[in-house]
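Okay, here we've got a single chain as structure tokens, the form predicted on its own, with questions on binding and movement later.
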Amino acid sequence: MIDPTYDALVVVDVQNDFCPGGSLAVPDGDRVVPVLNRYIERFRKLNASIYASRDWHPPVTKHFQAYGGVWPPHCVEGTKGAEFHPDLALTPETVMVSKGMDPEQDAYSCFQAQDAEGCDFAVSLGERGIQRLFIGGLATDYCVKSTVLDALHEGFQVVVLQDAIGAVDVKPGDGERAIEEMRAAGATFATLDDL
């Protein structure tokens, strides 16, 4: 099912602050790590593209409660909380993209991210001929949803990895509502067994 010529895996924000013990933890967020590692291995074996996004906020940003936002400080650039979960087995070839550096933007979507050279995520995908994205990570109801909806809007096919996502659920049911919104927008869903 994975075609390395036009498929890419996108691992969204599997960072310490979004996992148990972090400042903005997704309940049981770290349970996605071993599942994502299996997806990473499958894409690696096929030499398919792998991307990993991270929040990389400045200490002062309107994203945080103290400066008018809704969230506690999290994933501040250079901190332990901003690091990828230590058990996440990213490959050396993984393209890391960062978002949230602009203190004036919330930047939930990977389509607001750039790689280390400052290349926009969408441009990088285009340069590789990517047409379909397999998306997993954290959190279902925020960064995963925003990335999926933006990807569909940009014309990509999207497969959400249903066994490798987790929701914050600020309001109970947010995660389920996000899944329905993504499905209604045209995303398909799959698990490891489907691939």
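As the structure is a prediction and not an experimental result, all values here were calculated from the model. One rule holds for the numbers: they count along the sequence shown, beginning at 1.
A second form of this protein, the form predicted together with a small molecule, is not displayed here; the remarks below concern that form.
Note on the interface: of 135 to 143, 153 to 161, 27 to 35, 42 to 50, the segment with non-hydrogen atoms within 4.5 angstroms of the small molecule in the predicted complex is 135 to 143.
Contact check for residue 71: a heavy atom falls within 4.5 Å of the small molecule in the predicted complex. The small molecule in the predicted complex is approached by residue 108, whose closest heavy atom lies within 4.5 angstroms of it. Residue contact check for residue 17: none of its heavy atoms lie within 4.5 Å of the small molecule in the predicted complex.
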